[in-house]
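The chain that follows stands alone, in the form predicted on its own, written as structure tokens.
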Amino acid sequence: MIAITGATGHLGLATIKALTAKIAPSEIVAVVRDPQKAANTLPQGVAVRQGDYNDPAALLAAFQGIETVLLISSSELETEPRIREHRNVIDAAKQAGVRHLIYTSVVNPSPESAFGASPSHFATEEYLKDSGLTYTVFRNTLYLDIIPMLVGEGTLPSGKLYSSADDGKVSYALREEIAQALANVLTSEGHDNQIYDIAPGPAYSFQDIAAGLSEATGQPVEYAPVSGEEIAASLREHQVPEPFINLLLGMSKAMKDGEFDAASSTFEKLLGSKPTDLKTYLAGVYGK
């Protein structure tokens, strides 16, 4: 039996859908905060169990009879609560007799990173390694799917793409393809105590994104580097919450520092096919 936490989130749900093409739905357990809401979302035949990252007892009950747990990292923005939630899952898995835990981390996790999620991923990886559980770590890059958020609604009308990442490059990956790679690892052998960089090449800068947008839309788009202060001021004018502003600024600083420029052949091997590249993605989203 395989349990997926955060099962109604984007990555969790995509992984479950990929899994149902490989194994019977009855072998999959979706661990969710609200089972009633999940009932209409998940593929038919998938078992649903209640389990909140802040409820160790519920997690322990949810993991009974489970051999492998996929821990989808928490959406909590604050570092210490996030670490605590991840530790609750790891502890419950160990107490329940789970054999193998797969964790979705980030490329180049570091306690010193400007990217807000990175320190908690670093701490969780260390805790998982020390837990005694057999582990596999997916160090995920940024999703291709977030590019429309980074581009913003005003880019195409204005012809300007603004960012404070300078010339920093990112090895983006499509979320659905990460889910497929997770499903492949969940249903195959040879992944015990492995750490995988999920970051396909080539890596792309905002200049590359601007060029790709120009080609996809037929409209000229120019990259305009700006400071983090200018980005923050613009976001505040649009009433964007401060924690989200901090997350975006930290992400941009990490891009600038090269933390997401981690191109590796590992993802293609785990996926079993060529990952979607920037040009193909932009053509699908913005093409005429």
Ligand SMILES: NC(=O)c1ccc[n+]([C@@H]2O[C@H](COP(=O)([O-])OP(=O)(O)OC[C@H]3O[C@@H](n4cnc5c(N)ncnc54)[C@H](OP(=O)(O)O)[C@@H]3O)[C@@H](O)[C@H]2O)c1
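Small disclaimer: the values here were computed from a predicted structure and weren't measured. Note that residue numbering begins at 1 and tracks the sequence as displayed.
One more form of this protein exists, namely the form predicted in complex with the ligand; it is left out here, but the text below deals with it.
The closest heavy atom approach of residue 282 to the ligand in the model of the complex falls outside 4.5 Å. Interface membership of residue 142, defined by any non-hydrogen atom within 4.5 Å of the ligand in the model of the complex, is confirmed. The closest non-hydrogen atom of residue 155 lies beyond 4.5 Å of the ligand in the model of the complex. Although the partner is absent here, residue 73 is a contact residue: one of its heavy atoms lies within 4.5 angstroms of the ligand in the model of the complex. Comparing 143-151, 204-212, 128-136, 157-165 against the ligand in the model of the complex, the single stretch with non-hydrogen atoms within 4.5 angstroms of it is 143-151. Along 39-69, a non-hydrogen atom within 4.5 Å of the ligand in the model of the complex is carried by 51, 52, 53, 54, in order along the sequence.
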